[in-house]
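Just one chain follows, in the form predicted alone, and it is written as structure tokens.
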């Protein structure tokens, strides 16, 4: 079927595919890929900010191929359909006594998109979602259906866990999980100087630690999550995309600051003070099952850039980013987000063979982002940063080859599976240097 236009979540990426397919089975998907003219791309929830899904050829949705297939409680693994969203998988896994080992604070992504772009949470000893993949099924551009794991089609497995859909379309993914567990959330405000004095202990003493820094504020907002044996409280979440009071208030501030940028410093200090007040006092933090504890319902739309820098350079890098954002003269309101991710072994993972800090910056979706992001990206590059594949960056093949030791190995697998570059749109052709 055709579709006039597709947009990503922020609204800045659009596609006008010739055809838009929603297959229901792996066999139907394989047949459609063979018959489709390129570029062949898959649209999950649209939560990538790069033009990774853009296609004027065939665009696929796997929304009809979602849900839990099977679990193995002894091995703590789950096999899921690739079109499942992380939000939908949480309760399904919990019913089987399992939970994802880690996840980010946004859970609207399709699991295949999260895996394919190296999406992650935070935790010094915890890896990306892609690192939890122990196997997957892939429909190749030629219509073949192959199983991939460390023991079967191993090179495709190591390349395909983070591949941006450039090798074919995943249909099923097997994930290493954890027995169901609860997390207690705590945090609060901390002066910037105190943060950097205690950063190592905050990182080492918590399963999950991150901070949010509005650059014009004197304090940061610290958040921790740790395993809890307190009975978890249920969380009632609004349907995806429905505004809560915090969304409404923050959107109003974004709109005001668009036209009154001189208020941004006051607003940032105010939001820091109010954000820390929810942790005030000595009351214990709230305990929730992991799939309820991780996500924050973010409905104020934005565009985002994120780079992973070597963990030892994280503090210097984020201080330099904050100083640049204060002095560059570009209007913005969103905070910097700072997280930890452990090294993994997926060839194009931003965390390949190095422990990392990820630093994210955001811009309200009604405001241009290029000028703000350009200056920050130069700082990320100074520290050897690698971009998140679903978030905005300007790097091309020559830049990326220097950052990834297995880049040429990945490109060889990609060319073998897709010699005609059927899976590559113009953006990905620049990423992989394909004319």
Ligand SMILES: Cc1cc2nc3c(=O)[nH]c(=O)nc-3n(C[C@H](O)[C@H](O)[C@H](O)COP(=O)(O)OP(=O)(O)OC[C@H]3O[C@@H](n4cnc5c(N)ncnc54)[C@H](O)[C@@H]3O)c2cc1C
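Keep in mind it's a predicted model, so treat the numbers as computed, not measured. Residue numbers count along the first chain shown, from 1.
The next section is about a form of this same protein that is not shown, the form predicted in complex with this ligand.
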Interface residue in the predicted complex among 325, 169, 175, 221, criterion: non-hydrogen atom within 4.5 angstroms of this ligand: 169
Listed residue that, although this ligand is not shown, lies within 4.5 Å of it in the predicted complex (heavy atoms), from 357, 82, 100, 333: 82
Proximity to this ligand in the predicted complex (heavy atom, within 4.5 Å), stretch among 89-97, 103-111, 141-149, 249-257: 103-111
is_contact(residue 46, this ligand) in the predicted complex, heavy atom dist at most 4.5 Å: yes
Exercise: residue 390 in contact with this ligand in the predicted complex, heavy atom 4.5 Å: yes
Proximity of residue 164 to this ligand in the predicted complex, heavy atoms at 4.5 Å: yes
Exercise: residue 130 in contact with this ligand in the predicted complex, heavy atom 4.5 Å: no
4.5 Å heavy atom contact with this ligand in the predicted complex for all of 62, 119 and 302: yes
